[in-house]
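One chain comes next, on its own, written as structure tokens: the form predicted on its own.
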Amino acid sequence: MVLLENDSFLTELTRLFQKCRTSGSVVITLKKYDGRTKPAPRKGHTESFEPADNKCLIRASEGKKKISTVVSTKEVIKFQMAYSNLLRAHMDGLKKKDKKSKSKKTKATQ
């Protein structure tokens, strides 16, 4: 997995969306990130870890290509605006739901 800066993550995400426009899918996950690179210690250890500030880890994957970025609290508004514009631009390829299934259910109940 490649950890990118916020701007380069958005450009790579645009490339992933364009690559998957005709077929395939892009999976995006968001997670709270406290800066740890190792797993949390077990209950027996009393080592405490205090994160400096809250961060968000964003991952995107398409097949074997995986990218990620960490967004700090200072950059959230700027990143969210750019991210929402990117999603709006590339959400036009979604398939509409068939309305046939609704009409079959109403006929069956009558």
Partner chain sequence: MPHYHTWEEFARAAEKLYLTDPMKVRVVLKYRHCDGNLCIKVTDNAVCLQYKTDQAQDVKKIEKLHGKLMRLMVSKETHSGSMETD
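Numbering follows the first chain given and starts at 1. Just so you know, these numbers come straight off a predicted model, no measurement behind them.
Although not depicted, the form predicted together with the partner chain is the subject of the following passage.
Ala40 falls outside the set of residues with a heavy atom inside 4.5 Å of the partner chain in the predicted complex. Among residues of the shown chain, Ile67 is not one whose heavy atoms approach the partner chain to within 4.5 Å in the predicted complex. Remark: Arg21 counts among the residues lining the partner chain in the predicted complex, judged by a heavy atom distance of 4.5 Å or less. Taking the partner chain as it sits in the predicted complex, the stretch 76 to 92 comes within 4.5 angstroms of it through a non-hydrogen atom at Val76, Phe79, Gln80, Tyr83, Ser84, Leu87, Arg88, His90, Met91, Asp92.
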